[in-house]
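Here are two versions of the same chain, shown separately as structure tokens and labelled structure 1 and structure 2.
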Structure 1
């Protein structure tokens, strides 16, 4: 026992050192770049190029630390990889390539963890249990098993040491971010730390994940094109999640979808409708969208249509009660081209500026309106325009004194990015504005008592 404790203490010390030295190297590099800005006679173009090289190297250093330390650090860096509003594009480019695939843990460790959670030998709970994992991620890995009745299930097992490492890493990062806040008054990372500190521990609670899954499953109980695997609560605990095993193909696997004879347009339509219903009608949505968490299979009994299978509900988001009304106001001001009204809508949605003025938000609003005008006479979203906006808007946000973008809007942006990317991958175009507005209007109308409708009326 003492040997194990010493090993764990050494591991925590090494992780703290690795995190600290990586952060210190980047911080000191940043100060060096700032000194060169003041001392050099470079042109603006040369300065931009120099900063870009520095950011690229720094992003690679963070990537290397994340892939080595794994666990919370890997998960946190994946989260950062979606925060183009905070980090320069070179960091996003490096961190967005992080894959949630890591070498699986030894089966002996996994078996011990399962038996500890079940308080019973593995063979008394499962008829068969595969020693090889079918998926290994930053916080847990998944094994295929059979219940005593022969039913196939997916068993998600949390790594034995991960909870302690998460709390240790969180403490290390909080100390670092506070130190940076003392040194750099205009560089406040504590709100980001609060987001990480809120989300990651929730993902360690598999009971919470199971509840999220059942909640979203209930939304689609009358639809055969959307499916959420059933949770087996009798064998589920805080660190062990057992659900129906569903075989299928990744939603981004075009060749497999075509071989199965499924209609890509129908699949894309179903996915977009599923997210619109979650977000605008129910105000609660699956907030970890990537192709690894979305599968497709033929609808049982109907081989011509595809069924979307949602997986991994560790990160799900409840939207503020007035979000849908404020969103409709935002869309209205966007269509009318009123940047002043739009900046007010952004404030209502939860944007915050350092001096509480609207000037910075009006710049963001003007950029969005320009994009809207560019797309006004196009039936579908132009991928190039979306790409430009994804680069320009984060730049405006970083350059102007906007201190907070609501977390739920960042997560919603990930959903939009997913739909846009999948649309390109599947070569399917959707009129997203025409799709969203009826759901958004229905979401607002559902605040009236007695309205039980869960889908917009057919046109």
Structure 2
């Protein structure tokens, strides 16, 4: 026992120092680049080239650390790699491969892991099994196989050592948050930590993932533009998930989507509607829409429209009924432009500013209402656009920062950030207000907050 603890402590220390040195290298590098900028002996073109070289190198360093450390660190880097709306393209290029193309594990190890889960030799369960993985990501790698009846299936196998790594990352993260909490007494990081601490271990249970997948599949049974692969329960267990194999394009593969003659705006619209449906109507949603988890293919039977295939339901969130009701209220007051109602909603949701006053929340609400009107046709919320559309909001937040963000909002914010990155990648603009309007009407008209079957009125 003591030996295991010592090994874990050593591992934690190594991971922390590897992260620390990578961060320090990039931080000091940025400072050096900024110093060279000020020296101003280069032309603009030379400067741009120098920064681009630096970003490319830094992207490669983060990639190397992420593929070596895996676990939660890799998940964090995947998130960064999906933020084309905020990060330079050099980072996106290096980090987007972490979404599904991490170097795979040796097949011998993977076979043992599968057979341990199946409690049977591989050959007795599958007619055919490809030794090469079709994809590999943060927790697992996926192999194409055939069931005895010839059906192609995706076999997702959890990496053997991943549970230990994830727990060690959580411990590191807790320590980091504690340290930041001491320095930044103003900002309450506990909700963030609680939310991550609750969801991360759940991701390691593939039975839980399969249940989530079926729940969300049920929401979309009447829509042909959204698909969830069917789970094969007879061969699924905690560390092994077997589902229908889907052949499609990665949603961020703009060239392939264009080549297939699919309309990117329709794809983004379908995806945005799918999220409104999950969040506003059902209060339960897939919380990890990075491009590695979303595929696109022509709708079987209607080749002109794209179908979104949701993968990877490890991270899903159930919103408590009260929270969903307040969130709906927030969105409808944002749309109707009622800053007083909106500040009441923010308060009910659990937001707090430093001075704790209702007045400050009302000012922030007014600025947010203005911002949403100016950015109405913008799918992605990059900082430049926000800066251009509102000087008011950053000033208000600087003067009186928000010190507490409710825990239930953490994964919602993650979804919005990832969809914003995707909007940028696909370069489409949607009328977000028009899209949300029918759902927001639920916030005004609803009578029973917990009602799972409430649907938006048709337009």
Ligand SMILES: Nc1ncnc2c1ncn2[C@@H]1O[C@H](COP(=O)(O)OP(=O)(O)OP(=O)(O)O)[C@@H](O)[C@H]1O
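Each form is matched to the other, and the largest set of C-alpha atoms that superpose within 1.5 Å is called the rigid core. Residue numbers count along the first chain shown, from 1. Remember, predicted model here, so these are calculated numbers, not experimental data.
Of the two copies shown, the first one, structure 1, is the form predicted on its own. With a cut-off of 2 Å and the rigid core superposed, residue 93 has a Cα displacement that reaches or exceeds the cut-off between structure 1 and structure 2. Residue 286: CA moves less than 2 Å between structure 1 and structure 2 after rigid-core fitting. Core-superposed comparison between structure 1 and structure 2: the CA of residue 206 stays below a 2 Å shift. In the core-superposed comparison between structure 1 and structure 2, the CA atom of residue 36 travels 22.7 Å. Taking the core as the reference frame, the CA atom of residue 17 shifts 7.6 angstrom between structure 1 and structure 2.
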